[in-house]
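One chain follows as structure tokens, the form predicted on its own.
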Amino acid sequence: MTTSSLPVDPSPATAATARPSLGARLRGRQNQNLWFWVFVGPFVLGLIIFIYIPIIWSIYLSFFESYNTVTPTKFVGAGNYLDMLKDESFRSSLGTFIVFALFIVPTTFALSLLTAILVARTRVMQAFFRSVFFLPTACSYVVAALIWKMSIFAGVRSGAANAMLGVFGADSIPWLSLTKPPWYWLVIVSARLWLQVGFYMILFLAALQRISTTLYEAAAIDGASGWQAFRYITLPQLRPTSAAVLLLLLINAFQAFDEFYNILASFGTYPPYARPPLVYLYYVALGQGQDFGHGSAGAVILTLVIALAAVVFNRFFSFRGED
């Protein structure tokens, strides 16, 4: 056998030139992925331009002084972060979030689960009740907040809530002007409940429909009561959905803004009390001072707090449903 007849391995340069380009790999063989990118490409481009670039720029801006402009001026390092952590108003806004989360998370979870169970057991007009409970989800938070403020919980001499109290002979209540007792929490929490219970009800309803009926039939044969079937069958089977719902509720509580701003603020002024983090950061960045550096630092701190809460939550409430 001669030397010329032996197989020759291609050189690295030849292998590199034979490798398809990035564009060819994205398009796939015979442009099979072309239509995928035609439909998905505009959304990916919008996500990059309107989501990821602002997030990256906000993180970059948080290390600079930036007043009345989004262009960095003076590098301050971690100074903005230290100032925000020392700011009593910012820490107070985090405390407001904790109070709001203690109100809204367990209440929404319980009402959503209860509503889902009732709708799942309904044999007549189930689609109607499912639509009725889900319909408020389509309503804007701003519109709902204004309805709650100007119609239901209006001034002392007006509003549907005070009219109802008058029917039973009770005195009217200035819902939004009293801090002791803090009746404004009832207004804010009830508005949020009306808006979001239907959405989480649909999640629980979908999970309930995946539970096999044979489990309940076997429990009934064994003489289990309704509460025992709920405790030992329904709740364990709903564990992954329950963990996801609780995490979503916690994140949404962090992002509370519309109801606080539109219900408590008067004529566009700064809310006098119950200021969650986003409301406070809104006035820091877009208020009279327009301090984008400190506002960006506060936004990054809030994002890290949300991420940490999600990690801790996932540690104690696993999304896997092995049990």
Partner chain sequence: MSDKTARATLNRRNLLALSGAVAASGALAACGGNTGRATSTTSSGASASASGSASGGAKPVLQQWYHQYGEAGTQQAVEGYAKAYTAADVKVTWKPGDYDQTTAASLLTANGPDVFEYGNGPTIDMIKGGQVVDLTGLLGDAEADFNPAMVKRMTYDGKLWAVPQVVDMQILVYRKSLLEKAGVKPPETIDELMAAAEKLNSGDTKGLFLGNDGGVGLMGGPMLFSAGADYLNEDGSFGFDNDNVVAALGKLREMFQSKYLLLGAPKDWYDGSALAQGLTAMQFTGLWTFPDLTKALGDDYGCVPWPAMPGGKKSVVVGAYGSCVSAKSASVDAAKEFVKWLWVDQTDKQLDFATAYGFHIPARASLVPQAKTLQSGAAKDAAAAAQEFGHAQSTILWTPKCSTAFGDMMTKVVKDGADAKAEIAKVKAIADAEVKRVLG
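Positions refer to the first chain, counted from 1. Model, not experiment: these values are computed from the prediction. Definition used throughout: the rigid core is the maximal C-alpha set that superposes within 1.5 Å between two forms.
Form predicted in complex with the partner chain: not shown, discussed below.
Among heavy atoms of Y282, some come within 4.5 Å of the partner chain in the predicted bound form. Mapping the unseen interface onto this chain, Q255 falls outside it, with no heavy atom inside 4.5 Å of the partner chain in the predicted bound form. Taking the partner from the other structure, the partner chain in the predicted bound form has a heavy atom within 4.5 Å of a heavy atom of S266. Among heavy atoms of K180, some come within 4.5 Å of the partner chain in the predicted bound form.
Note on the interface: of 98-106, 218-226, 132-140, 155-163, the segment with non-hydrogen atoms within 4.5 angstroms of the partner chain in the predicted bound form is 155-163. With the core held fixed, the Cα of E217 is displaced between this form and the one not shown by less than 2 Å. With the core held fixed between this form and the one not shown, D171 has its Cα displaced by at least 2 Å. Remark: with the core as the superposition reference, the CA shift of S190 between this form and the one not shown stays below 2 Å.
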